[in-house]
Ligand SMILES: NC(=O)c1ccc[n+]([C@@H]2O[C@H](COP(=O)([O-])OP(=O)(O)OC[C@H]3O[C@@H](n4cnc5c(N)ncnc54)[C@H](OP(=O)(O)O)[C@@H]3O)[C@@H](O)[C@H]2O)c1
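Here's a solo chain for you in structure tokens, the form predicted on its own.
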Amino acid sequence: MTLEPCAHESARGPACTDLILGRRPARVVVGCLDPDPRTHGQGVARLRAAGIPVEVGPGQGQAERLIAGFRRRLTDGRPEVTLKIASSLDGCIALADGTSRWITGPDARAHAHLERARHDAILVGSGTLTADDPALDVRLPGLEDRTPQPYVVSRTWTAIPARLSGRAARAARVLDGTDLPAALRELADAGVNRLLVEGGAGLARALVAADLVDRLLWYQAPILLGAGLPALGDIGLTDLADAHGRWTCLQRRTLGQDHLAVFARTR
């Protein structure tokens, strides 16, 4: 199993450790320990105390990657934050007049919808919601019910303006943009483990500057926009040396004519 069996009861049901003890398996293999302090190590200890051999660690790296959002919520009080950027080769996310549909092609957009399906919530800034009135849903056959809960962060809104009538606007919940760490804690309190951030540039800049991004999806189209809108503004760097060693490339792939690079924040 990926995660150590829980040793505590919850609203979702009995402790997994009790269920396993009732079955008396010959051996249990666990990828990683449960970061929840109600269980951490106790599930394994109880199984071993009952005479059931337990091996901890096979596939640990992959197991920890799968529960990264859960771990982040428990240890840091916020979700794992994935920032998605779709840009031209010269790092622009739109023309100078704000036109941005579509920077990337259909294959890259389909992959982005798959990423949406993997997240609990999706976040945009109020400027993006106002300018684009996006749907923020999953439009892949068979995965439509995996649409994440939409949120919008704003420094001025307390509710979605009535003039915005798109699907995301009707369902979105507003977070206070004056304190991003507090906004992320609010999401964690709501049970959000994995958060996907889709724009705009101001929100992306603020999250990167505050070192609140854990994973970066950078979709790049083979186009040049010149005097377009940059993907990021000033993120507070004053020394070029500080820019190095902060991101580790996990994956590169081709999606039609576009390219995707996936990075993890090196901590």
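The numbering used is simple: start at 1 and walk along the sequence shown. Note that the coordinates shown come from a computational prediction; the quantities given were computed from them, not determined experimentally.
Same protein, other form: the form predicted in complex with the named molecule, not shown, and the subject of what follows.
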* Only one of Ala108, Ile93, Val192, Val81 has a non-hydrogen atom within 4.5 angstroms of the named molecule in the model of the complex; which is it? -> Ile93
* Which of Ala45, Ile52, Val56, Ala206 has a heavy atom within 4.5 Å of the named molecule in the model of the complex? -> Ala206
* Asked: Can you say which of 67-75, 173-181, 141-149, 159-167 gets within 4.5 Å of the named molecule in the model of the complex, counting heavy atoms only?
  -> 173-181
* Asked: How about Val28: is it within 4.5 Å of the named molecule in the model of the complex, going by heavy atoms?
  -> no
* Asked: Quick one: does Val153 come within 4.5 Å of the named molecule in the model of the complex, counting heavy atoms only?
  -> yes
* To do: Look up in the model of the complex whether Glu186 has a non-hydrogen atom within 4.5 angstroms of the named molecule, and give yes or no.
  => no
* Asp36 near the named molecule in the model of the complex, any heavy atom under 4.5 Å? -> no
* Asked: Which of the residues spanning 242-267 lie within 4.5 Å of the named molecule in the model of the complex, based on heavy atoms?
  -> none
